[in-house]
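Considered here are two forms of the same protein chain, supplied as C-alpha cells in two stand-alone entries, structure 1 and structure 2.
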Structure 1
C-alpha cells in the first residue's frame, strides 16, 4: 500500500513538472533570459552589428547609465525630458481616470436607474479595443479639421493644431497672464540637464490629446472594479444609514467612500504602474513629437535602440524604467498589505 502510494506520488511529481514545463521553458527563454542578456547589453556599446556577445563588442561598464544621469549632453537631456513628460502624464491621467471611473460606477450603480447593462457596456467597450486602432480614431478626432476643433469652433474657440503644438500647459497659462518669456531665474538655472522653466512647463498640448485618449480607454476597466466593490457592499449598512436619516452626500462621504478605500488604493496604484508603460499611443500618434514633448521613457528606450542603434543606452533606459515600475509595484503591494493586516 505504502509502496503504491509513493509510486502515485512519484507519478504526480513527474506529471507536475511535465504540466508546467511548457510555461517554464517559454517564460524562461523569452522573459528571464532576455532580461539577463539586456542587462549585459546595457553595459556595452553594442550597435546592432553581429552578436552582442562577441569579444569585439566594447564593454563600457556603467557609462550608459552615467550618460542618463550624470553627464551633460543630449542623452541626459532627452531622458530627463521623457521623465518630465511622463511625470505630467501620470499626474493628470491617474487622478482623472480614477475620479471618472468612480463617478461612472456610482451613477451606474444607482438602484432606481434601468438599462445599467447598456451603460456599463458602453463605458467599458473602449477598454477592449486595439490601442492602435483607437489611436487612429483619435488622430482624426484631434486632427486640425477634426471633431474636437469643430466642437470648439461651435462655441467660438479656435482650437490648437493639437499634434504640432509643443507649448506646455503651464507656459500657455502664464502666457495668458502676460508672462511670455521665461524669468531669468528659471531659464538660467536648472537641474539634471533641463532648466527649471523646462521642468515646470506642464504637459504639452499634444500630450493632452494623448492623455484624453488614455483616460477615455482606461476608465471603463477601473469603473468595473469599483462596480464590483459596490455590489459586494452589504445592503444592511446602506439601509441602516438610510434609517439614521443620512442624506445622499453624507451616505457617500461617510459610508460608501470609506468602504471603497481598498478598491480606490488598488485603482490608484494600478494606474501608477500602468501610466509608466505608455507606448502604443505615442508610437502611433506622435512618435515623441512635437519638440520631444510626448517622448516617454518607454518610447525613448525603443527609439534609442532601434532608430539610433544605441542598443546599450536603450537597454539602460529600459532598466531604469523597469526600476520605476518595480518601485510602483512594491508600493502597491505594501499599501495593500497594510490594509489587510489592519
Structure 2
C-alpha cells in the first residue's frame, strides 16, 4: 500500500510540475534572467555599445556602488539628493493616501448614503486615467497663472512659481521667521555628501505639487481595497459592539481597524513600492528640476543609464533602490505583525 501511495504522489508531483512548467519558464525568461543580466551590468563599465556580455566590456566590480556611497563627487551627491527627495515624498504620500483612502471607503460604505455607485466611480476615476495626461493637466493647474495660484490670490496669498521654486518647505517656513541663511552647525557638517541643512530642507515647493497629484490619483485604488475588506467584515461583530455601547470612534479603533490589518498591510506595502518607484510624474512634470529637488532614484537611474550612457551605474542605482524597497517592506511587516500576549 505504501508503495502505491508513493507512486501516486510521485505521479501527482510530476503532473503538478508539468502544469506549472510554462509559467516557470516564462517567469525565468522574462523576469529572473533580466534581473541577473542587470546585476551583471551593474558590476561593469558598459556604455551601451554592443553587448554587455562581450569580452571587451570592463569589469569594475563594486566600483559603481562605491561611487554612490563612499566617493566624494557628483554621482554620490546626486544619488543622496534623490534619496532625500524620495524620503520626504514617501513620508508624506504613503500616510496621506492611506488615510484618505480609508476615509473615502468608510464614507461610501455607509448604508444611508445615496448614489453610492456615483461616488465610488467618482473617487476611483482618477486612478484609471492616464498618469501622463493627468500630469500635463496638473502642469496647467499649478502654472503661474493657473487655477491654484488664482485661488490663493483670491484669499490674498501670493502663490509661488511652483515648478521653478527649489526651496524646501522647512526653508520656506524658516524664511518667514527671518532665518534666510543656514546656521553654521548645519551648513558646515553633513553626511554622505549632503549638509544637514540640505537633509532637513523638507520637500520642495515643486515636489509638493507632485505629491498632491499622486495622492489624488492613487487614493481611489486603495479605497476599493479598503471597501472590499469592509464589506467582508461580519455584520455580527459590528452589532455586538453596538450592543456593548461602543461609539463610532471606539468601533473604528477597536473593531474595524484591527480587522483591516491585512488590507492595511497590503495598502501600505503597495504604497511604499509605488512611491519609491515614482517615475512617470517626475519625467513629465519636472525632469528632476528645479535644482534637482524633484530628482528620485528611479528617474536618476534612467537618466544615468539612457542619457549619460553609464549603464553600469544606472543598474547599480536600480539595485540599491530594490534593496531599499525590500528592507522597508520587511520593516513594515515587523511593525504591523500580530503581537501575541504570552
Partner chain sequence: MKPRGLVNTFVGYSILIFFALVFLYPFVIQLANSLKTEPDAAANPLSPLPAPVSFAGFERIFEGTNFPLWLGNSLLVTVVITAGRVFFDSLAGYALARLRFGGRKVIFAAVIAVMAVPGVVLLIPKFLVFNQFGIYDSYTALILPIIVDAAGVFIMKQFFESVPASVEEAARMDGASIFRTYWSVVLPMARPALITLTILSFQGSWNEFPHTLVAVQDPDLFTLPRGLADLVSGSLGVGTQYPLKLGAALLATIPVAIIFVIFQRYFVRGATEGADKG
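Definition used throughout: the rigid core is the maximal C-alpha set that superposes within 1.5 Å between two forms. Numbering follows the first chain given and starts at 1. Quick caveat, the model's predicted, so the values are computed rather than measured.
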property	result
Of the two forms shown alone, the one predicted in complex with its partner chain	1
Per-residue C-alpha change between structures 1 and 2, residue 328, threshold 2 Å, rigid core fit	yes
Post core alignment: residue 62 C-alpha displaced by 2 Å or more between structures 1 and 2	no
Rigid-core-fitted C-alpha displacement of residue 26 between structures 1 and 2 (angstrom)	5.0
Inter-form CA displacement between structures 1 and 2 at residue 17 - rigid core frame, Å	8.2
